[in-house]
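Next up: a single chain in structure tokens, the form predicted on its own.
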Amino acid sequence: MSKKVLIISTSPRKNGNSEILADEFARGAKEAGNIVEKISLCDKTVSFCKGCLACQKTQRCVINDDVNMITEKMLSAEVIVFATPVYFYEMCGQMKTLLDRSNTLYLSDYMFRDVYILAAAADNEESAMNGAVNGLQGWIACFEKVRLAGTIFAGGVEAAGEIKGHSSLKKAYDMGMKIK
């Protein structure tokens, strides 16, 4: 049975290492027969949350940017995959801002159950992604039917495209293939 998979590449850099990681996950998920869509935040407008909580009543953010379209897609996806570069041992700011703005989903009838995080960092130690994982787990904890289903770390990659040939690409592809 195919699933609806939404991959959100949060890197501000087009064709960056985390986006290449996302593309491999997408390739595996598609080959496994899933319906896959990828959104890249690098060409989207994602403004900061104002903390007004109007979204709790309307299920829509009062800020008119690309986030309302993205959260609509998140709402109907069964699987959400976040790909992020690791900056200062944390998810990139674009990802954190999107998570803050996804407050519209909190009281909704969301479809997603499995969430994955793919991270690329200049640091070689897998613990470099712990901050990003912890931050995402804090978001996941607000959705009682959701779990962190998997993580992939690509360390030792800094310049755009440096990830090519990295062992994490096969891991991302294989993880995507397991979605059914």
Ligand SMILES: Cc1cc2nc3c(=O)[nH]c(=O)nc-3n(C[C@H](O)[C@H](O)[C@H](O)COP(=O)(O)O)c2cc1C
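The structure displayed is predicted, hence computed values, not measured ones. Heads up: residue numbers just count along the shown sequence, starting at 1.
There is also a form predicted in complex with the named molecule; it is not shown, and the following applies to it.
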Exercise. Contact between residue 26 and the named molecule in the model of the complex at 4.5 Å, heavy atoms?
Worked result: no
For this session: Please check if residue 120 has a heavy atom lying within 4.5 Å of any heavy atom of the named molecule in the model of the complex.
Result: yes
For this session: May I ask you to check whether residue 168 falls inside a 4.5 Å heavy atom distance of the named molecule in the model of the complex?
Result: no
Exercise. Would residue 86 count as a contact of the named molecule in the model of the complex, using a 4.5 angstroms cut-off between non-hydrogen atoms?
Worked result: yes
Problem set entry | Candidate stretches 56-64, 150-158, 42-50, 137-145, one within 4.5 Å of the named molecule in the model of the complex by heavy atom | 150-158
Seminar exercise, completed: Near the named molecule in the model of the complex, with a heavy atom at 4.5 Å or closer, the residues from 4-33 are 11, 13, 16, 17, 18, 19
